[in-house]
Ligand SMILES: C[S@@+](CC[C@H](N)C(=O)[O-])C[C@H]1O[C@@H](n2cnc3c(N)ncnc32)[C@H](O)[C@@H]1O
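One chain comes next, on its own, written as structure tokens: the form predicted alone.
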């Protein structure tokens, strides 16, 4: 055992201490706390530790609402007041940007109206009949009754899931703001599906190993005065309240003269938002179902100035001959690939709106883009409350 003082938080919200001159990351520990801990993992560069006893607690520490907080690999900041979690995220973002010598304006933070029970998507594991999440940094399953970040209807759906009698597999639960639920299951097991067990929830579709076996493999969602068709495997923002604020900001940056190129477009959400004001929108997406949803969404919203394209951004972008003046990029966590980044730099488009869920890849890409672009606005949207994840929006203009 070791008694150590926590110096600060790392980028994942873990406490940092030094044991035998080696950096040690300790979950559920706050700066200035003195803890007795044990080392759970040793590597050449760092240790992982676990608190055994708090000798001195930080005055800002609060009791987590979730009973799984100390063991689950999901939430990382529930031992802080909500406003303190926002301050952590803002300082984290600034530290990452400054490390890459990026020039940025004052960072604006958009709070989550409901920092609990907000998620419209829940990814679960099933092992030996138990349903839950993996323990942090392991494949040990933590069986749960509910997730304090998921919308209540998804927690109700966990009880329905138990009636399917799945032994081993993976499940994704999704819902819309009308509490309609899609269930996507990957398993080798046979399912027991009895509609009588659905009384407490509105299940509109069940997809088993990419085949729809009940209802339909999609639902509709209405956000920001727009209607979206969303397939079970298509990307959509997990927090409807924050998403509406994000869309509002996107719309503010579009004018009637803009021709917009929307990369990594998903079901076409940003393109649809832009189409309300833009002259023309071209959307590029690699997932076929998402492109089909985009086409359907254009029809639903009577948008005739959007042109969805199926393809990989890095190979499709060079083929686009339109003279666009605004580009949306909302890439996966790995950020922009080198080809797309170079094409953006070469295009010298007047404006780029970059939306990111990973501050490290965002900073990496901004470091390259700032040779040609200037960051005019930087916003953090608390899309993932009580986790260390952040959603960023940057408006870049050609120098």
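Numbering follows the first chain given and starts at 1. Not measured: the values here are computed from a predicted model.
The form predicted together with this ligand exists for this protein as well; it is not shown, and the discussion that follows is about that form.
Not one of 181, 205 and 221 is positioned with any heavy atom within 4.5 Å of this ligand in the predicted bound form.
By the criterion of a heavy atom within 4.5 Å, residue 365 is excluded from the residues contacting this ligand in the predicted bound form. Residue contact check for residue 239: none of its heavy atoms lie within 4.5 Å of this ligand in the predicted bound form. Using a 4.5 angstroms threshold between heavy atoms, residue 312 counts as touching this ligand in the predicted bound form. By the criterion of a heavy atom within 4.5 Å, residue 31 is excluded from the residues contacting this ligand in the predicted bound form. Here the chain stands alone, but in the predicted bound form its contact with this ligand, taken as any heavy atom within 4.5 Å, falls in 268 to 276 among 120 to 128, 319 to 327, 170 to 178, 268 to 276. The partner is absent here; in the predicted bound form, the one residue of 116, 235, 88, 307 having a heavy atom within 4.5 Å of this ligand is 235. Of the listed positions (158, 144, 110, 287), a single one reaches within 4.5 angstroms of this ligand by any non-hydrogen atom in the predicted bound form, namely 287. Of all the residues from 324 to 344, those having a non-hydrogen atom no more than 4.5 Å from this ligand in the predicted bound form are 330, 331, 332.
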